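Given next, in structure tokens, is a single chain: the form predicted alone.
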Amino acid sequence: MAVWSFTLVLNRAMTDADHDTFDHLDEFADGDVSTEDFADGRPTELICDPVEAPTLVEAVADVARRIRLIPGLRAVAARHDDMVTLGEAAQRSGRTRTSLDLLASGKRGPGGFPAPEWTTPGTSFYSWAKITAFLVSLGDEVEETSLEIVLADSLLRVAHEVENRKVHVTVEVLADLGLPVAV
């Protein structure tokens, strides 16, 4: 099973009661999801790292399902941040971690791998945009933005709009729109 890193935006800022519930739910006990609140009242963000799932869309769906256990909360958007570790970059690029380690250390490739943006003890953080440009220069076909995160974000936004406007969408309508549905 693969591990995924991403950020989910909630529909509102979490309250103290929401945080208390979050802290006591078994579904969040493994620590793969943490919260980030903002003083200006922006919606809380969930930092999801590492979430195990076969695909990124399934990882997003898993956390979105779990956050709904807190009444009134739901994920409404998903994104990848630009700052990545080499492990996250490997995940996004389809290369192995070892391959990126060798490129970063100059042991393989033409040199010129982007330098870390910052380093903490034991972990270096790189710009995904810079890594993408470097890998494209090597001939790799790498999307700057993962199509899976774009899909997951779109699905969360549609689900939010449907729920927010209290629109009933049947399985038949989803199928008519060309979405594969299991019945």
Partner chain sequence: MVSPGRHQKSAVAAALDKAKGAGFEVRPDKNGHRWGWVICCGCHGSFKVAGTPRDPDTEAKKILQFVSRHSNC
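Remember, predicted model here, so these are calculated numbers, not experimental data. Positions refer to the first chain, counted from 1.
Another form exists, predicted together with its partner chain; not displayed. Remarks below refer to it.
Asker: Let me know the one among Val33, Ala53, Leu156, Ile149 whose heavy atoms come within 4.5 Å of its partner chain in the predicted complex, would you?
Answerer: Checking each option against its partner chain in the predicted complex, the one that comes within 4.5 Å is Val33.
Asker: Please pick, from Asp49, Asp140, Glu58, Glu144, the one residue with any non-hydrogen atom lying within 4.5 angstroms of its partner chain in the predicted complex.
Answerer: Contact residue from the list: Asp49.
Asker: Determine whether any heavy atom of Ser93 comes within 4.5 Å of a heavy atom of its partner chain in the predicted complex, and answer yes or no.
Answerer: Outside the cut-off, so no.
Asker: Within a 4.5 Å heavy atom cut-off, is Glu172 in contact with its partner chain in the predicted complex?
Answerer: It does not: once its partner chain is placed as it appears in the predicted complex, Glu172 has no heavy atom within 4.5 Å of it.
Asker: I'd like to check something about His24: if you look in the predicted complex, is any of its heavy atoms closer than or equal to 4.5 Å to a heavy atom of its partner chain?
Answerer: Although its partner chain is absent here, His24 would touch it in the predicted complex, with heavy atoms inside 4.5 Å.
Asker: Is there a heavy atom of Asp20 no more than 4.5 Å from a heavy atom of its partner chain in the predicted complex?
Answerer: Asp20: yes, in contact with its partner chain in the predicted complex.
Asker: For the stretch 109-123, return the residues whose heavy atoms include at least one within 4.5 Å of its partner chain in the predicted complex, in the order they occur.
Answerer: Residues within 4.5 Å: Trp118, Thr120, Pro121, Thr123.
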